[in-house]
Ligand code: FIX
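Just one chain is shown here, as structure tokens, and it is the form predicted alone.
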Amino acid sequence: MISNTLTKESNAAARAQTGIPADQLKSVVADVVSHQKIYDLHTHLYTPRFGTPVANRTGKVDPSGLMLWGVEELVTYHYLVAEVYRVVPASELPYEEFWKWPKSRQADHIWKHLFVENTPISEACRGVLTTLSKLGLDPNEKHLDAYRGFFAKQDPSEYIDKVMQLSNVHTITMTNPVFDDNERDRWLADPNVGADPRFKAVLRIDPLLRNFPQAAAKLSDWGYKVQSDPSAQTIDEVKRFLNQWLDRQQAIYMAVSLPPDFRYPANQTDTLALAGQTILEKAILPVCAERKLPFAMMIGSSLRTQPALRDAGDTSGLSDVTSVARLCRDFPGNKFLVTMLSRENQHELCVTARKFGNLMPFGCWWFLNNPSLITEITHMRFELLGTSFIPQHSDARILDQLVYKWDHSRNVIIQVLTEMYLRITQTGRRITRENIQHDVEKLLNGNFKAFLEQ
């Protein structure tokens, strides 16, 4: 018996030493990537205690609830609102009329024009089809009523478990904008609103940097002794505010979305940007450093370029990577999670990350979340950074989107990682299953956890 055991161990060790044959690499990579559980570091998803506006089995419907899921939310996602106006122009359906419709009618309109009368070929359309299919539903239905019954039978909390199992996500990181009155009121009314072991909170603080006088007015209304000019007292009060909310949410990092024209240091003639810079330098970054929390910057979003489309009217723009480099250089005690919206910024961001260990590039955000671009960007990151980056986050706003975003992203990661390993094997270097497991765990889970703990 002992001899047989030793023989099996010896054979396993020999196979490990010989490495995986080139023609088997993709299947092994696919198996490892498919089974690796994911820490999704940036979403806009919520726990059930934030309320849901979706009809469901429990009967608890909150019209202003923040937990979004179900077929009508999927089909009326702002990507698809913008896309349907490519097919049915505003001259035929004025924007203001569309927004007056109930969500069910909006969804029926989009389904008809993008999924029935046209081939649903875009990534946003394909994502809906992938999600329906993975849920066991037929993506060929002509009417949404065929799906509505399925979602109405779901319990929101149980459905979260179902979606997390399908997407193989073990932790969902929320985005919690403290200056949003709807969300803030829910935290204040229910101290346990975010207390769900499946979720982690992130303190989102855009107004502090994008429009400090406006943020200061709110802080003053909430009882903080602040003024629009960031005096020493104002700085101390902003710090107090940040610490209180970090404690309340148990947030794992702070985050902000910034426009393409964000610059550090700020233009000396731009009083609004200078106020934001002062808050960043003297309040936000010191609090992050003291608490050893990363500061996430999502840079490149131009809001409401087409205001009639509401959230669907945002666009992207070229940003300044040297501003990121200066922040990493000037604040070595801080950790920066950075993603950028412009494809043209990706190479420079990778090069910058080679110079600063306190910079972690992550994900393919928003308009970059398309397989062709994810493939290109992930190739480049492997070539410049090895495995020291985070290849993707879902950015999901609708719970069900976790299913397709991670299904599609896993397929790209499998493809690119296989190609990288094949290149290595051409040098004579062996690649083992253990190598692949180690790399994939870092990429989809470990790198983010390690960055949090630094």
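Note that residue numbering follows the sequence shown and begins at 1. All of these numbers come straight from a predicted model, not from anything done at the bench.
There is another form of this protein, the form predicted together with the named molecule, and it is not shown here; the text below is about that form.
| Contact between R204 and the named molecule in the model of the complex at 4.5 Å, heavy atoms? | Looking in the model of the complex, residue contacts with the named molecule include R204, since a heavy atom lies within 4.5 Å.
| message | If we define contact as a non-hydrogen atom of the residue within 4.5 angstroms of the partner, is K26 a contact of the named molecule in the model of the complex? | response | Looking in the model of the complex, residue contacts with the named molecule do not include K26, since no heavy atom lies within 4.5 Å.
| query | Any of the heavy atoms of K60 lying within 4.5 Å of the named molecule in the model of the complex? | reply | Output for K60 is no: heavy atoms all beyond 4.5 Å of the named molecule.
| field | Close approach of H408 to the named molecule in the model of the complex, 4.5 Å, heavy atom | value | Flag for H408 set to no.
| message | Going by heavy atom distances of 4.5 angstroms or less, which of F115, F382, Y79, F336 would be at the interface with the named molecule in the model of the complex? | response | The option sitting close enough to the partner is Y79.
| message | To verify the annotation, which of these, Y147, W365, Y264, F199, has a non-hydrogen atom within 4.5 Å of the named molecule in the model of the complex? | response | It is W365.
| field | Proximity to the named molecule in the model of the complex (heavy atom, within 4.5 Å), stretch among 417-425, 389-397, 49-57, 26-34 | value | Heavy-atom contact with the partner occurs in 389-397.
| query | Judged by heavy atom distances of 4.5 Å or less, which residues of 234-264 approach the named molecule in the model of the complex? | reply | The stretch 234-264, when checked against the named molecule in the model of the complex, contributes only S257 at the 4.5 Å heavy-atom cut-off.
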